[in-house]
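First, one chain by itself: the form predicted alone, in structure tokens.
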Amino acid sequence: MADARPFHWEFTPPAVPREIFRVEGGRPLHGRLAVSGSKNAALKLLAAATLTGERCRLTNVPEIEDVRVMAETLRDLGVVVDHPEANVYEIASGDVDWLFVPLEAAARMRASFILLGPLLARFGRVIISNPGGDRIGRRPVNLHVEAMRALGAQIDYRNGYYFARAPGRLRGGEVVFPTVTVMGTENAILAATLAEGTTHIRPAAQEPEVDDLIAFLRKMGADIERAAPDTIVVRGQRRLRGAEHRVLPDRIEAGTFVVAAAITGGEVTLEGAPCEHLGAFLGVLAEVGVAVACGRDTIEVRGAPPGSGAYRAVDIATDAYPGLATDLQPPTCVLLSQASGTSRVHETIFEDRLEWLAELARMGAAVEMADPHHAAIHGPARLHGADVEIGDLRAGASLILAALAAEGTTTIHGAHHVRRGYENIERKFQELGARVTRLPEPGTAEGMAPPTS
């Protein structure tokens, strides 16, 4: 696999802005808020646009760090990526001759690995680094690699990089995962769209973001259908065309703000909210006793006054869609800290995702960890301001929620993690009446430090 540019293995992590959130708690949230486009959908749609040389236009794209990194990575490959206005991206992938996704991109964003399928299918070869991302447990990409091999790809692993090639053209085949994998499903779909013949993918992830990707690919001319809830059939095409698509709303952001209203005793209406994609989460809220009403594209939340004892403890377990999303487990845990009784939490997806509860405990929550997958939360707890540290994106947003419900001022270190996945989160909270400020991390040179994930 000869390439025009020299290949370097050395890597020094880029400096990133170190930031903190300072939150003054004890204020109920009130107002209306528009839900941003989905982070998890937007990244995969940007990758899908490389399957054609024609221009694609994406709207309602969230203005977040992960999208910026993905756009930058595509530009480094030679893809034309324009950002003509806020929340709009236009992509044109002509002749891309530098098919190398470096460690810099992978270290900053695990979703860079989604480029394996489309680049391999369209150009027949790619070198891509093992991915990084949040430290919430092992998220191996071997399932993605085996899916490409099932379609005829030849892939070698050396020095932290996957060297992939598809002699001639990828071939349709049977992609059978040992367990449900969302990004693995998406990578297989993207690769199969230009493969010769028909591909069956099972068990296929059922997340709304997967269906949003399928909707965009169909606009591009792909032939894809769900033959059963857990089976996707892709009939490969010779080429795809450009298309325009609006990114679906972010259900994780919506759930985060629902909890924010509930724990502060506020009243908030979310506009453009994907109620139909939050079934399991809303079911938990109903058991807890949170007043939530779904409209055609709105969610109205009326929180109980803090200390009223209106919320009830419940047991929760995360699961693949349509179960409770693992990304909604952290905000749900904050809510459970304010419920009367003992709630038990079973995290089934990632083995390190409950570690953040140690920071919630620093704020006064009564938490017991049985093992990396199980915890008990006793409530209601009287939360208080503290100095806490963000370990990953979703835990970071959830610590803001806890700080909003706490007495006094909380300083949350590592705020730059949250910028990866939430668009202007502090401004949105401010518009609802919260006192949330983002500041440079004290004691660092111009707020800069090496990345922590």
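So that there is no doubt, residue numbering starts at 1 and follows the sequence shown. Keep in mind that this is a model prediction, so the values were computed, not measured.
Omitted from view is the form predicted in complex with a small molecule, to which the following refers.
Of the candidate stretches 264-272, 73-81, 191-199, 177-185, only 177-185 has residues with heavy atoms within 4.5 Å of the small molecule in the predicted bound form. Among Val141, Ala150, Ile316, Val301, the residue placing a heavy atom within 4.5 Å of the small molecule in the predicted bound form is Val141. The listed set Val101, Met363, Val288, Ala111 contains one residue whose heavy atoms approach the small molecule in the predicted bound form to within 4.5 Å, identified as Ala111.
With respect to the small molecule in the predicted bound form, the three residues Glu63, Asp250 and Lys428 uniformly fall beyond 4.5 angstroms at the level of their nearest heavy atom. The small molecule is not shown here, and in the predicted bound form it never comes within 4.5 Å of any heavy atom of His417. Residue contact check for Asn87: none of its heavy atoms lie within 4.5 Å of the small molecule in the predicted bound form. Residue contact check for Trp356: none of its heavy atoms lie within 4.5 Å of the small molecule in the predicted bound form. Though the partner is left out of this view, Thr342 does not reach within 4.5 Å of the small molecule in the predicted bound form, counting heavy atoms only.
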